[in-house]
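The chain below stands alone, shown as structure tokens; this is the form predicted on its own.
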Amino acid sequence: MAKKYNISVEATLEVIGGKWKCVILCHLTHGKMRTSDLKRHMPNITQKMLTQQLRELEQDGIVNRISYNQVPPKVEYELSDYGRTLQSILDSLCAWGEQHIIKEYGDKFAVLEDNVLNH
């Protein structure tokens, strides 16, 4: 039997929901990244969780895993063409979050980390 959803946003959240997936995707909108680069930009995520989230995003066709045949091994992640269709959603989430921070705290730079995504 095919899966049933009450509303279509459930299907969206099934793919990009959770604490980390949208953060990973926002970083990947800036281009290919190695796991170590993502970890550096997301210091509060564990390596295990980052690996799990990347695998799930890859299985859902949102990111591409690029493995280079070299020593030492090199792996990069990038948004797939399908993943790039999430760009407007990610932009809207960032804009809403910024407005929320300003509403709650006044100065967004008082609570936002110094990060490439916040400039």
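Each residue number is its position in the shown sequence, starting from 1. Each form is matched to the other, and the largest set of C-alpha atoms that superpose within 1.5 Å is called the rigid core. Source: prediction; values computed, not measured.
Missing here is the form predicted together with the DNA; even so, the following discussion is about that form.
Next on the checklist: With the partner left out here, check for me: in the predicted bound form, does some heavy atom of residue 35 sit within 4.5 Å of the DNA?
Outcome noted: Result yes; residue 35 sits at the interface with the DNA in the predicted bound form.
Checklist entry - Taking 4.5 angstroms as the cut-off for heavy atoms, does residue 19 touch the DNA in the predicted bound form? => result Contact check for residue 19: yes, within 4.5 Å of the DNA in the predicted bound form.
Checklist entry - Heavy atoms within 4.5 Å of the DNA in the predicted bound form: does residue 46 have any? => result Close contact exists here: in the predicted bound form, residue 46 approaches the DNA to within 4.5 Å, heavy atoms only.
Checklist entry - Heavy atoms within 4.5 Å of the DNA in the predicted bound form: does residue 75 have any? => result Within the cut-off, so yes.
Checklist entry - Does the trio 64, 84 and 95 actually contact the DNA in the predicted bound form, every residue with a heavy atom within 4.5 Å? => result Answer is no for this spot.
Next on the checklist: With both forms fitted on the core, check whether the Cα of residue 73 differs by 2 Å or more between the shown form and the other one.
Outcome noted: Yes, the C-alpha moves 2 Å or more.
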